[in-house]
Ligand SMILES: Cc1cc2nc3c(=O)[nH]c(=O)nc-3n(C[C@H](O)[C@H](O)[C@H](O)COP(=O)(O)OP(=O)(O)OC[C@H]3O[C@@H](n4cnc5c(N)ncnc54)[C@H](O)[C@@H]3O)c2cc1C
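The chain that follows stands alone, in the form predicted on its own, written as C-alpha cells.
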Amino acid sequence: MGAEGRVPAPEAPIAANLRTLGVNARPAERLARHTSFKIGGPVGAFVEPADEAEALLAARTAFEQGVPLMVVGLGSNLLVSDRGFDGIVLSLARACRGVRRDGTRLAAGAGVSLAKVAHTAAGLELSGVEFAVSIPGTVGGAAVMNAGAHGRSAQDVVQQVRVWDPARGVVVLPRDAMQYGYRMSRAQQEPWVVLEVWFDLTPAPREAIARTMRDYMEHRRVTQPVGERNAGSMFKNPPGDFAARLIDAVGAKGWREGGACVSTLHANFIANDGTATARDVLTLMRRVAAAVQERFHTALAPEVRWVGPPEGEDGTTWDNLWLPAADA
C-alpha cells in the first residue's frame, strides 16, 4: 500500500521498535536494491523474516502502530520514489517459500518465484501454470495483481488464497473472494498480506508442459528487454487494444528522459540505463501517455505500481499523475 511522508532518518524508530520485538529490521535500506528497476530511496525498515510467525509479528506491529506496510516480492512491478517510503517493507522471500502438492493442487508460499512454481508443476506433470514461467514475479504478487501472460492469468488457476487480515487473523479465501479483474483484485484495496496460494491444475505429459514453457521463454527473450533494468509493462492494455501498439504508433520507441528510455524492443517497457531516477521515469511516462492521448484519444493507465510520498505539493496523486508536473 502507498504512503505519505518524509524520507526516514538513518536511525528510524520504526526499525528500532521492530528490533525490540525480535524482528530482524534494517533501517534506511534503499529500495533500489530490491526492485528490478533498481530505483528507489530509503525505507523506514526493511524486514525479511526467517519464518511466517516473524512475518506476522511485523505485520501486526505495523497495523497496531499505524505504520504504513508494503509487501514486496521480486520488486518487478514497482516504481519507488527517490524520496523513499516512510514505513515497513516486508519481504516474504524466506518466510513463505515452500511448495507442496495435494493431488492435482499445488500450494506455494507468497515468496516463491513464479518460475519455480511453473518448473515444479512441470516436474509433477501438472499443467496450468506454464504461462507463469515468463513472469518475473512471485506467487504473492501474482495473486494480488492477477498477473498474466500468453492469454492466461492468475485467476484462471488460483483456487484459494491464505491471507493475514488485521481484523480476522489468518484466513483462507476462495478465488471468488479475490474479485479478480484485469490486473486487479480485491487484495489491492484490502490491508491483507498474502501468505500462500493454492493452484488448481490438470495432469499432462511432462514433455508437453516443458515444450510450452520453452516456447514462452523464447518469446519473452526475443520480444522483451530481459537483460535491462525495467519494471515490466508500464501501462495496462486499453480495452480491445495494446498499450505497446499505441506507444509504438506515436514513435515513442527510443524516447529518453534522463537515464530512462522507452525500449526499442518493446514499446511498453521503460529501461533504466543505470542512472535513472523515479522523476525521470515519471516524466517519460507522462510524455508517452500525453502523446497517445493526443493522437488516439485513449488514456493509458499505469500497470506499474508507485510507492512513496505524493507526487507533488500541488496534490497530484499516482492516479492523476498525467496532469500537473510531478515532484518525485
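The structure displayed is predicted, hence computed values, not measured ones. Each residue number is its position in the shown sequence, starting from 1.
There is another form of the same protein, the form predicted together with this ligand; it is not shown, and what comes next is about it.
Val144 is the sole member of Ala121, Ile88, Val144, Val80 with a non-hydrogen atom lying within 4.5 angstroms of this ligand in the model of the complex.
This chain is drawn without this ligand; in the model of the complex, the residue among Val67, Leu57, Ala291, Met70 with a heavy atom within 4.5 Å of it is Met70. Looking at 200-208, 227-235, 253-261, 165-173, the stretch with residues near this ligand in the model of the complex, meaning non-hydrogen atoms within 4.5 angstroms, turns out to be 227-235. Proximity of Ala177 to this ligand in the model of the complex falls outside the 4.5 Å heavy atom cutoff. This ligand is not drawn, but in the model of the complex it has a heavy atom within 4.5 Å of Ser36. Contact annotation for Arg183: at least one heavy atom lies within 4.5 Å of this ligand in the model of the complex. Though the partner is left out of this view, Ile135 does reach within 4.5 Å of this ligand in the model of the complex, counting heavy atoms only.
For the stretch 178-201, the set of residues having any non-hydrogen atom within 4.5 angstroms of this ligand in the model of the complex comprises Arg183, Trp192, Val193, Val194, in sequence order.
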